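One chain comes next, on its own, written as structure tokens: the form predicted on its own.
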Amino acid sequence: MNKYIPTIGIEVHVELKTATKIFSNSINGYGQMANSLTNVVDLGYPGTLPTLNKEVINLAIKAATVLNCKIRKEMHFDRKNYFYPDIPKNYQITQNETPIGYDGYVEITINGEKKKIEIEEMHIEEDTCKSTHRSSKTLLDFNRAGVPLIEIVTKPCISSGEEAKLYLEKLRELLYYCDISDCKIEEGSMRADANVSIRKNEQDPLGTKCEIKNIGSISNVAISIDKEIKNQIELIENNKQIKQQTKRYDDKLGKNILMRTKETGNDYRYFPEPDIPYVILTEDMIASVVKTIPMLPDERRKVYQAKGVSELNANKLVQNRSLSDYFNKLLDTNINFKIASNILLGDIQAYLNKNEKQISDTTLTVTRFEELVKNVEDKTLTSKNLKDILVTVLEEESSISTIIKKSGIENIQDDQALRTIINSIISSNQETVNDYKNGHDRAIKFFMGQIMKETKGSANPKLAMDILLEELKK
């Protein structure tokens, strides 16, 4: 097959994490009984007027900032007119001419190289209600009607399904960390559409695009895009015409399914929304919102690694928001951050997962965690000791030293007592001593195992190793 150049643009709708809806005081919620989170504004009753939710503007400013967008300081809302059962007013309130954010980008790393995925615009709009099709009937749930959205539209600058996936992962990470949205794709709070076309040469005009709607997961975005690219190449290779179509990805069938063929462009007859005044943003308003942006994921990774945390652990911490926020509270302390990250991501995370808890649900204060890390660092606690007392550490409020004493697992720190035990083990295993002197390193592992067995795991490992090597040299 000849080489083709794919061109992909992504449109993402993200539900904003507000207490109430964009133009009414109805609760912005999910999973409630159908049509229970509605009022006359959401239902489009004649004579009702929209009232703009200020928090929507604040979250949109925050999103525009972290997506490196320019922020429009004077904007208005528009009516997008169309007739469909899921929109009771027969128009949707959106931003057409004056999107709040524009000319932004998200940076991804692919094949070891950084690439900026350019964002054309980011605008605010209201969601429609949810349609459920049953046999010959369609049921409507207006709980979603009026939920605030931002729509983020990239330029046609994405070259593969993998790039699209990396972009969406970074986008989700940024929006989630800023508390702009919970980004739960399975609940529909983040929805992606992809526009895909191909061409033979860079200088050629863009090819006929096909749109893939409402893709159910980030991994499926990559799969559906790659399948569409392959399909378009096969059509061209077989001298067939690519038609402008709208498809959906069927996860069970593993392929893109035709929904409809587009023959003419939609005319939404946009015009400014007469019931909502122009919105004017001042520098002070923008600055006050920007101050609320927490440390972003990429900055966290850099800070963690600068503190001695491995790249793997830094990424794992960022993937777990609650653990990352907890770890940030430790950054001004003098603990061993490598050990701290290992403990958090090892035994503690295992406990949290098993018990379906967040670290905030435990009694592990920063002060007690500092004490725990120091005890592990100076070998007062072995890894086995830590497992033995972990539940007590996470469920009780006593100091770590008190828990160690009560548990009876204090490690043997007495030099002479430990030396006596080690000499007894050495004298009983002369053959292994000879192996050690002949350069067999496994002998050391054997001796340390015997020491831990004899002391029931209570020997300070570092002290035991030092004495063992010292006695073997005699």
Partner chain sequence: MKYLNKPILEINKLLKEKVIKPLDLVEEAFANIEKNKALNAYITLNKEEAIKTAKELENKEVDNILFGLPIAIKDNIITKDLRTTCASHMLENFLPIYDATVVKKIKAKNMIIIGKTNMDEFAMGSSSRTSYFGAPKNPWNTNKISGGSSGGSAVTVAARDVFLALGSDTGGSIRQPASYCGIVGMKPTYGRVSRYGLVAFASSFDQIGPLTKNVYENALLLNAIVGKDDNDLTSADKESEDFTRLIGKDIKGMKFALPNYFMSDIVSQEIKEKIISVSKILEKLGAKVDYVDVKYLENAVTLYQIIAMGEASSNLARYDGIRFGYSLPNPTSIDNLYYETRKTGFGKEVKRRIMVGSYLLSGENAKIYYNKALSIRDDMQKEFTNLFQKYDLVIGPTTTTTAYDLTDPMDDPLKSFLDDVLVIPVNMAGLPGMNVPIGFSKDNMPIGMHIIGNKFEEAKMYQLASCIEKELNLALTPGGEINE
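Numbering follows the first chain given and starts at 1. These figures come from a predicted structure and were not determined experimentally.
Another form exists, predicted in complex with its partner chain; not displayed. Remarks below refer to it.
Of the residues K116, K184, K357, R269, just one reaches its partner chain in the model of the complex with a heavy atom at 4.5 Å or closer; this is R269. Think of it this way: in the model of the complex, its partner chain has a heavy atom of just one of L52, V66, V433, I444 within 4.5 Å, and the residue is L52. Interface membership of N231, defined by any non-hydrogen atom within 4.5 Å of its partner chain in the model of the complex, is ruled out.
Using a 4.5 angstroms threshold between heavy atoms, D275 counts as touching its partner chain in the model of the complex. The shortest heavy atom separation between E97 and its partner chain in the model of the complex is within 4.5 Å. Contact check for P46: a non-hydrogen atom falls within 4.5 Å of its partner chain in the model of the complex. Contact with its partner chain in the model of the complex, defined as any heavy atom within 4.5 Å, is confined among 417-425, 57-65, 38-46, 433-441 to 38-46.
Interface residues of 63-85, taken as those with a heavy atom within 4.5 Å of its partner chain in the model of the complex (partner not displayed): R79, N81, F83, Y84, P85, in sequence order.
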